[in-house]
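One chain is shown next in structure tokens, namely the form predicted alone.
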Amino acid sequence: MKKSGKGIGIMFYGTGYGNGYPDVSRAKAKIDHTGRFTIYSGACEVGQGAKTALAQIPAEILGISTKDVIFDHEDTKTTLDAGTCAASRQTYNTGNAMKLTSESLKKILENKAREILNLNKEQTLIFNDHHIYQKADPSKQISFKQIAGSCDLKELEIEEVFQAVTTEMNEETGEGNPYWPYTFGACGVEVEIDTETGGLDITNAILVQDVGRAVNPKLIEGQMDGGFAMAQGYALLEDLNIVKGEIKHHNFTKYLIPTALDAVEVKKIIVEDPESSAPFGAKGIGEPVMIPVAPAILNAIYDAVGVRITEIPVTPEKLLKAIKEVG
């Protein structure tokens, strides 16, 4: 017999190292003699889309295309420390460092443009396609290359640092500001369980994630799909099988993970509630998208067969045994 059930899980997650631990990212930027813009950061690309999202931030500030942003990263010879690609912190922390650096360089370029074009501070300047021009009179313009040719290039280099603001939590009172910012999410699933075999299929799924501001919606949806798949494996398949301190499932023949055949079509809902301290309001969501999935699956199992599972992964053998025990 097959039985169906629905379950939801909700979560909140504090990004970054937290609890007062120094959480620092650095970045530097420059304009070369050809007018090209380069920004340097130690942020690593591990599949989360850092190269894309972090390049979008300076491009937006300087009015250039992301294709024109030279992003030098993962090179300890040239880049500054941006901290680890962990704790879902790169978009917020390093994104802020990139934003501060780009804004500082923009200010330098703006001041140089006013000086060369003989403009006062009250006249609004527009940045577009490696050019700076006066809003009221676009004929008064200058290129990044022309500015670079008029001064010492060292004047067109800048470094900035960003540190997340958190405090250690008081263990006795629970007071403090251990993380910032927080992100929120929810997951809902429908499952179908074969009560004769313990087999479980996820027949429907929805994942909702607060992202602050969606710098790149496609990358976010990719993170949500990947996070759901990883959490699905965590809940239903993945088992190290540790016996007396020894990992028995030490290869992918025995340590099972979801394949493309196990993938679920997830309805993804992106919630934008901009975070005032974040770069353009964006929060990191690397780990948060995983958190509510397993609870939703476990709640759906309970709704379907009345069994409260307290140990994962929920293999067919475990589920069938639990169904028979209540049965």
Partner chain sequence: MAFKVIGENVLRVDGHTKVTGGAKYPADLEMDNMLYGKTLRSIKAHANFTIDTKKAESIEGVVGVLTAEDIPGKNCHGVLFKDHEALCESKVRRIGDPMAVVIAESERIASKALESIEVVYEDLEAVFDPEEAMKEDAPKIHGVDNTVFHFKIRRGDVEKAFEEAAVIVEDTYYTGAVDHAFLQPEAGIAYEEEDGTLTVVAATQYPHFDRIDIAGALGLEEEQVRIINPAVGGAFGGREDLTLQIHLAVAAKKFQRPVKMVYDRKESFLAHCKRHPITMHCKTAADKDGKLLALKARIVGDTGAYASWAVNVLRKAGVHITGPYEIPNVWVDSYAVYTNNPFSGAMRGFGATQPPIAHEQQMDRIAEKLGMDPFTIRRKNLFSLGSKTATEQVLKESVPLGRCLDALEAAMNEKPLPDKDINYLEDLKAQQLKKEGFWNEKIR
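Residue numbers count along the first chain shown, from 1. These numbers come from a predicted model, not from an experiment.
Not pictured, yet referred to below: the form predicted in complex with the partner chain.
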Q: Within 4.5 Å of the partner chain in the predicted complex, counting heavy atoms only, one of 194-202, 117-125, 177-185, 134-142 shows up; tell me which.
A: 177-185
**Q.** Interface membership of residue 36, the partner chain in the predicted complex, 4.5 Å heavy atom rule
**A.** no
Q) Might residue 216 be said to contact the partner chain in the predicted complex, defining contact as any heavy atom within 4.5 Å? A) yes
**Q.** Any non-hydrogen atom of residue 257 within 4.5 angstroms of the partner chain in the predicted complex
**A.** yes
Q. Using 4.5 Å between non-hydrogen atoms, is residue 94 touching the partner chain in the predicted complex?
A. no
Q) Across 28-65, which residues bring a heavy atom to within 4.5 Å of the partner chain in the predicted complex? A) 42, 44, 45, 46, 47, 48, 49, 51, 52, 56, 57, 59, 60, 64, 65
